[in-house]
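Just the one chain here, the form predicted on its own, laid out as structure tokens.
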Amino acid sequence: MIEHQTHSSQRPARAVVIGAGGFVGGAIVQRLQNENVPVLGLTRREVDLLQEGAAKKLAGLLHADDAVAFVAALAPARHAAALMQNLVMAEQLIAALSVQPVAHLVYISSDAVYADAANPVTERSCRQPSTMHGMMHAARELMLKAEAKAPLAVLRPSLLYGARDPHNGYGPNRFRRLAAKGEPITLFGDGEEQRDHVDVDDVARLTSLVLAHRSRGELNVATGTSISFREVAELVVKLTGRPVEIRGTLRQNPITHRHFDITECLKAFPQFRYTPLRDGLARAVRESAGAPQ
């Protein structure tokens, strides 16, 4: 659950986005700039959180009235070494905040912290990650809650898509790239698994709202509507306008659906509306047209 420390929207004195060079961090920076919020975007070129002395360097860049969005991560974390590196990054941030406290902290986590069987998922659902990636985010959340002194908001997005996604993971982003090249889309099984897909710009808009209200607590970032991967593939093919084959395969793993109850988001931000999947995918197709796939 999330609570607002200010009832009216108030622009932060400055927003510091750690991980500004990434897919999500870049979207947050763009949104805040569009809303005329003073922004300091930090990438690993400015502060590499895996390097010795990073905490001291970061502390020197922060101000007491800053609102910090922590997005930097080595993702997806698929093995133990990546998990440990991500924890070191969080440790460096905590050390920096102990030297230079800030007014507000927002951490972009993941719905991977929840148990696979948690349906419908709410902010009260059991945190029982089944992957290294989920374990990494769960551990980071715990570290920040225990040791970061600033008011903390944790946002947990579901599966993200957008034109600038670098990971090419199974789902809208991979399907869009394959369709653009006229190559077949291969599904796991018949693509019957249902998931909730979120436009990365919606994460940026919600982050801006959380910063503006100095919110604290936990909030899932999901539309509340789950559809099958086959439906996503069919929609992508229709939007690209190319004759692309959609292939099923023999399923090796059990089917796992994921559905969200977004009551808490509706309570916290009653005017907020998620981007419909068709509209978000159509924009991603337009924005990526002509770009290297």
Partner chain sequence: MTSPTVGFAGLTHLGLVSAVAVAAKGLRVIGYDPDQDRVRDVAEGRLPVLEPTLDDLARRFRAQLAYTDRVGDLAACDLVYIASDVPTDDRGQSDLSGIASLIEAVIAVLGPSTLLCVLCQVPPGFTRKVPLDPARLYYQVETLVFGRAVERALKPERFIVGCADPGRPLPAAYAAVLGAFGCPILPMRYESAELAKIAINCCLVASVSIANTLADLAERIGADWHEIAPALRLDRRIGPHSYLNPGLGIAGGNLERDLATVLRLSAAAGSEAAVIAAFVENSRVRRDWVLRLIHREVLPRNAAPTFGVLGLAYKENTHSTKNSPALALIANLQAWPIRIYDPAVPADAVNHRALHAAPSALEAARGSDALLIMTPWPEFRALSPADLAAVMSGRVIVDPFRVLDPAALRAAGFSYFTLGAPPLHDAEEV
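Positions refer to the first chain, counted from 1. Please read these numbers as outputs of a predicted model, since none were measured by experiment.
Only in words, not in the display: the form predicted together with its partner chain, which the text now covers.
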For this session: Using heavy atoms only and a 4.5 Å cut-off, determine which of Thr43, Thr263, Ser228, Gln33 is in contact with its partner chain in the model of the complex.
Result: Thr263
Exercise. Would Arg247 show up as a contact with its partner chain in the model of the complex if we use heavy atoms at 4.5 Å?
Worked result: no
For this session: May I ask you to check whether Arg278 falls inside a 4.5 Å heavy atom distance of its partner chain in the model of the complex?
Result: no
Exercise. Is there a heavy atom of His79 lying 4.5 Å or less from a heavy atom of its partner chain in the model of the complex?
Worked result: no
Exercise. Can any non-hydrogen atom of Lys145 be found within 4.5 angstroms of its partner chain in the model of the complex?
Worked result: no
Seminar exercise, completed: Only one of 56-64, 255-263, 238-246, 43-51 sits within 4.5 Å of its partner chain in the model of the complex by heavy atom distance, namely 255-263
Exercise. Going by its partner chain in the model of the complex, which residues of 23-61 come within 4.5 Å of it through any heavy atom?
Worked result: none
